[in-house]
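Listed next as C-alpha cells is one chain, alone, in the form predicted on its own.
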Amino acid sequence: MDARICPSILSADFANLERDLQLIATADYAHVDVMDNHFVPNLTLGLPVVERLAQICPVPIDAHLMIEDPDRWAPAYAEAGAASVTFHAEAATAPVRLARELRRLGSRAGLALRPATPIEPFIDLLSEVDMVLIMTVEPGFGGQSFIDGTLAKISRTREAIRLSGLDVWVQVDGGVSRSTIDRAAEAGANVFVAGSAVYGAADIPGEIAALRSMAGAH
C-alpha cells in the first residue's frame, strides 16, 4: 500500500507560508486545517487563503474542514482548487449529498471522524467517499499526543474497506511522527498528516522521506 505524507501547514510559519510550502515540495499533499472557532475551539484560516494557497502550492491541497455547516461551505473549497476536501461526519447534515457534490466539482471527498465517533454507522457509505480521516487527537490544536485508542478504529475501517473491495484511503491526523507512524500504518492507515514532526525537523525533505519509508514498510 503506497504511503502518502501530508504535512500540516498549521505548524508552518504563517508569515512565510509561500516559503514553507516550497519546503514540502516532496510531500504528497499540503494539509490545510480550516477551523471556525465553533466546531472546534480554534480559528485558523478560510476560503480566500485556501484559494490563494492552491494557486502557489507545489503539491495538491488537502483541505480539512473543522467547521459547522460543511454542507453549505465545503463545495466552495473544491471550487477554490483543493484537490481533496474532508468534512466532519459530526457536522454534516447530508454527508452523501455533500460527498457527491465535492466529487462533481472535481475534488476527492473525505469523511472525518473525531476520536470518539465510531466508524460503524458510516460503513455503508464508504462507496460515496474517497477517504476516511480518523482523528488520532481531538481536533482543534496541533502538537497533541497520539491517542493509541484510535488504532482499533483504524483497523476496523481498513477491514471494512477491504471487504467492500473499494479503493478508499484511510488518513490519520494528530500526533503522527516517527514514534507513532509504524503503529498507524500497521493498523491500516495509508495517508499521514504530520505537522510539528515535519516542520520541526532540521531537514524537512529528509523527514518526509523517512516518514514515507517507515509507513510504506507495512
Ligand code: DX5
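Being a predicted model, the structure only gives us computed values, none of them experimental. Sequential numbering from 1, following the sequence displayed.
One more form of this protein, predicted in complex with D-xylitol-5-phosphate (DX5), exists but is not displayed; see below.
Contact check for Pro139: a heavy atom falls within 4.5 Å of D-xylitol-5-phosphate (DX5) in the predicted complex.
Contact between Gly143 and D-xylitol-5-phosphate (DX5) in the predicted complex is found at the 4.5 Å heavy atom cutoff.
Proximity of Leu10 to D-xylitol-5-phosphate (DX5) in the predicted complex falls within the 4.5 Å heavy atom cutoff. Put simply, Met35 is close to D-xylitol-5-phosphate (DX5) in the predicted complex: some heavy atom of it is within 4.5 Å. Of the stretches 179 to 187, 45 to 53, 148 to 156, 61 to 69, only 61 to 69 has residues with a heavy atom within 4.5 Å of D-xylitol-5-phosphate (DX5) in the predicted complex.
Taking D-xylitol-5-phosphate (DX5) as positioned in the predicted complex, the residues of 187 to 210 that bring a heavy atom within 4.5 Å of it are, in sequence order, Val193, Ala194, Gly195, Ser196.
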